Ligand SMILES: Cc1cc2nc3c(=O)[nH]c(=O)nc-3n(C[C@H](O)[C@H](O)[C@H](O)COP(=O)(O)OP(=O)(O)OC[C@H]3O[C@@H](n4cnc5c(N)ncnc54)[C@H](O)[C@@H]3O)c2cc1C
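A single chain comes next, written as structure tokens; it is the form predicted alone.
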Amino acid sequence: MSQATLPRDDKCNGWYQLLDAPAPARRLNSSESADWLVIGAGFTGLAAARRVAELRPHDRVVLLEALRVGQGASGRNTGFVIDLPHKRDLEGDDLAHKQKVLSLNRAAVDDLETLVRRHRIDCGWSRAGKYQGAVGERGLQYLDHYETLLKEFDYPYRRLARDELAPILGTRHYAGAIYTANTALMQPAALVRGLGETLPGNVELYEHTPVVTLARSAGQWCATTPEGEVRATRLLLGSNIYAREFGFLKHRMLPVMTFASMTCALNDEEMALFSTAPHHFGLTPADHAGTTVRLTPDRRLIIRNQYRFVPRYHDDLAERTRIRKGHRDSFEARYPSLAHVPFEATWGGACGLSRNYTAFFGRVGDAAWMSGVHQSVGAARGTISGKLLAELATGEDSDQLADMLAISGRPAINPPEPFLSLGVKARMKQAAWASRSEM
């Protein structure tokens, strides 16, 4: 049995602050029995709970979320659901591996789009595609490499120069970009909340119900919470980095937090910078350590950059002041005429990385399965892997499941502390320094 460090909400998530107040949370305050226990109501846990409920309509499924749905990491990303193999997956030599990743990511985009339309989830969903942008010479070299990979992969794209980009992005800051069409953009907190509100009837969702201890005895899993407990035959873990609190992949995950700042809504005069429809976009950096930029359908600009290693999953509020200043510098470098526009929120979101850039999918114990360590692409990978995790646990078989097993592996073991923290922090500082021209 292990005592867990509990998730907490810092009340800084700009996406969540834009939502209407939810109905009062349903908390677990009793002892319950279930066929399935799912821990974590982010993209992975929601997809797993939905799918197992569909496959086993007469089973009782209990889903526990430590916060409110949308307050955690899945509601804190920049709102991309990307179909392309990401970063090092795209750079590999195994074309069949890339095709499997692409097929699974596209299935995730399609699945989410189907649910958004079926349940009329108001989350600004748009197949707007994405731009991969370069600021200077370093970024252009990365962009050239990215173009080579897309050609080898036979993936359609369009390359744009500064003059073509300026009316779309509202700035001449970018020397070039590559546009790919199949990425979806959305409001992540709204999407995740909507997915939580539309689960099948045999799923019971409890919020503000963190798991304090988790143990297995007498052929059952027992999760204790501050006010109750759940005993279940089978366990599905969608808690990502928090899974190590219960002993799963304990020395194989690197909890890293990325940060974003969001402006207030721009007025008509300020929006005149963006003269090319549809007047919203998403841009990721050609240099991986650069800056992500989004213009949302409700006219807000978002800047995301900077990473921190967070062994206890939470950031330092004093450090966040420095991060916000960095965001301000990046914002004003791109939009000097909008220097008067304030940020309304600055927040961080934790993700799980591994030293060998490998995500995990599969069994982690007796009647226990987990998907996690998604390498910063949790919206797509979490969605499809959660769905397939339920299929794996229920004995289903499919080409998609075979592909997921084929592209998954075992994250590398981390060195012990203090060497781990020293190494990760040094690597991040080096990357930030090398990429400063693209920030």
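On a predicted model such as this, the values are computed, not experimentally measured, just so you know. A residue's number is simply how far along the shown sequence it sits, counting from 1.
Note that the form predicted together with the ligand isn't included here; everything after this is about it.
At a distance threshold of 4.5 angstroms between non-hydrogen atoms, Gly176 is out of contact with the ligand in the predicted bound form. In the predicted bound form, the ligand sits within 4.5 Å of a heavy atom of Leu64. Contact check for Cys351: a non-hydrogen atom falls within 4.5 Å of the ligand in the predicted bound form.
The ligand in the predicted bound form is not approached by Pro255, whose heavy atoms all lie more than 4.5 angstroms from it.
Of the candidate stretches 120-128, 338-346, 102-110, 208-216, only 208-216 has residues with heavy atoms within 4.5 Å of the ligand in the predicted bound form. Comment: the ligand is not present in this chain, but in the predicted bound form one of Phe80, Phe281, Phe361, Phe331 has a heavy atom within 4.5 Å of it, namely Phe80. Interface residue among Ala379, Leu37, Val52, Leu388, judged by heavy atoms within 4.5 Å of the ligand in the predicted bound form: Ala379. For the marked spot (Tyr146, Tyr155 and Gly170), a heavy atom within 4.5 Å of the ligand in the predicted bound form is absent from each of the three residues.
Interface residues of 227-260, taken as those with a heavy atom within 4.5 Å of the ligand in the predicted bound form (partner not displayed): Gly238, Ser239, Asn240, Tyr242, Phe246, Thr258, Phe259, Ala260, in sequence order.
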